Structure formats: structure tokens, C-alpha cells
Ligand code: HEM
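Consider the single chain below, provided in C-alpha cells and representing the form predicted on its own.
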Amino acid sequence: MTPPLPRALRPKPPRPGSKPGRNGASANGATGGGDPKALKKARKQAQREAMKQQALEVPIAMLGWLDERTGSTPFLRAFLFRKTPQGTNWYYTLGSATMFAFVNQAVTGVVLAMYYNPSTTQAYGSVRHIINDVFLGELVRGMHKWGSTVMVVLVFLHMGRTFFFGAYKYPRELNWIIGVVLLILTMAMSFTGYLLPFDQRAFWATVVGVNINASGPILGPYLADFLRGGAEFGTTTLSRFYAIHMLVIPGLIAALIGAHLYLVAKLGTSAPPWLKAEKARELAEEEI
């Protein structure tokens, strides 16, 4: 008679419908008719199965713990599993593409900020250091530089799709207003980021842009003084542009994107205009 396995090494009872262990190992670990080698192999198999089962239960328990305290499951279910109208196509992905471009800008911007020095004497040298010396620095800087252009193009395409498809009409007027504000903030982020390399082209282009703002009625001169941080361009100007570009505008964009997505989930996606026209024609025929 072989001695029974210790309680700590005994595997848990199999779940309904599960198959027994390999090599004929049963639930109680007795196998091979009392062969010591087979018993040792069964013990190792039982230990591996127990560790595997525990590893699978850890993420499930963590998700259950978070869901019990946040109640996020109903929100995620309503947000991810919502109905979309018939006829949606690739034009409807422009909003998601714009959000992906913003995430790219945020991630690459954080990496660049680790090496950038917002000083009139060190800014250009720090950018050269990122491009020439930092590992993958040229790639990250290129993703950030050209990603800004991609984001501006996608914002305009997304707003054009919304306008021509009539998705700005009732009850989505507030979402349209938020989109217009997001467009303005995107342009402002591009304008403030253009100065940061602090080379000749960035400096004089920003001078022209600030002077254009100064020509605006009433608030124009005050806005120009605020952007310059005084009467002339200097270290304060660069620091102010850096703070606005890195902290103020991304925070506002992230908050408004959250509100934008909430309204999209709450109000739903508008149907394409050709489907609306077909539906109106069918209703007219029924009335006749």
C-alpha cells in the first residue's frame, strides 16, 4: 500500500466537464498501481496543475475586486457593446484615429520632455542631443513632429465628416461645440510647440504668429503680452510656451475628449445621410 499524498499536495477536485490529468493521473493522485516513479510524476503534475489554477485565478480575483469597488462593468458594457446604425464605414473611424494621434503625441512628448531643456541657450542644443545621441531619439522626435501634422489633418477630416453627414444636428449640438473647442486647442498646441526647438525658423515664425494675435480687437494686445511674457521675446516666452504646450493644453484636451466620448456613448452614432434619405422616402410612400 502506498501512503496517501499530504493534504498540501493534493490537487483540487476537477471542475465539471474537465478531463483528468495526463498519464492517467486521477484526482487523488494515485496512479500506476503503486509505482514510486509514477507517484512522483503524479505529484509533480498535481503541483503544476495547482500552480496553473492559482495563476489563472489571480487576475480574475483582481478584476472582481476592482469591479466590486468601482462598479465599472455596467459603464464598460454600455460603452463597448452599443448598437451602431447600419451603413457605418471607414469614415466613422476618423475620430478614433484622431484620439490615437493624441495619445501618440502625449507619449512621445513625455519622452522628449525627459531630455528637453526649456532655456534660450540650451533648448536647441537639447533637441540636437535628442536627435544625435539619445537611443531612438530621432525616431521619437520624428513621431512627435510629424504626428502633430497628422493630428491636425485628422481633426479637420473628422469635423468635415461630421458636418457633411449632418451629425452636428439635434441632439448632438453640444458634442459639436466640444469638437470645435478641441480643434482650437489642437491648433494652439501646434502653435506653442513650434517654438520649442528655438531655432531661427521657430523663433521668427512665432514672432509673426504673436504679432498676428496682437492685431486682434480689444483682447489682441493683452493676449500677445501674455504669450510673450512681457514686451520682448526671451526666456520667459519659451518657458511660458513650454508650460502651455506640456501642461495646460494636453490637460484640457484630455478632459474634453472624455466628455466627447461620453456624449457619443450616450447619444449614439448618427446614421449616414443616405440611409436617412431612404427612410424618409419610405415614410413618404407610406403616407401616400
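Residue numbers here begin at 1 and follow the sequence given. As the structure is a computational prediction, the values presented were derived from the model and not from experiment.
Beyond the structure shown, there is the form predicted in complex with protoporphyrin IX containing FE, which is absent from this document and is the topic of what follows.
Chemist: Within 4.5 angstroms, counting heavy atoms, which one of the listed stretches 65 to 73, 41 to 49, 255 to 263, 237 to 245 is next to protoporphyrin IX containing FE in the predicted complex?
Modeler: Partner-contacting stretch among the options: 255 to 263.
Chemist: Using heavy atoms and a 4.5 Å cut-off, decide whether 127, 193 and 203 all contact protoporphyrin IX containing FE in the predicted complex.
Modeler: Spot residues vs protoporphyrin IX containing FE: no contact at all.
Chemist: Though only this chain appears here, would residue 162 touch protoporphyrin IX containing FE in the predicted complex if you measure heavy atom gaps against 4.5 Å?
Modeler: Residue 162: contacts protoporphyrin IX containing FE in the predicted complex.
Chemist: Is residue 96 near protoporphyrin IX containing FE? Define near as a heavy atom within 4.5 Å, in the predicted complex.
Modeler: Yes, residue 96 lies within 4.5 Å of protoporphyrin IX containing FE in the predicted complex.
Chemist: So in the predicted complex, does any heavy atom of residue 183 sit within 4.5 Å of protoporphyrin IX containing FE?
Modeler: Contact check for residue 183: yes, within 4.5 Å of protoporphyrin IX containing FE in the predicted complex.
Chemist: At 4.5 Å between heavy atoms, is residue 141 in contact with protoporphyrin IX containing FE in the predicted complex?
Modeler: It does not: once protoporphyrin IX containing FE is placed as it appears in the predicted complex, residue 141 has no heavy atom within 4.5 Å of it.
Chemist: Can you pick the one in 123, 189, 167, 112 that has a heavy atom within 4.5 Å of protoporphyrin IX containing FE in the predicted complex?
Modeler: Exactly one residue meets the criterion: 167.
Chemist: For the stretch 142 to 158, I need every residue with any heavy atom inside 4.5 Å of protoporphyrin IX containing FE in the predicted complex, listed N to C.
Modeler: Sequence-ordered list: 151, 155, 158.
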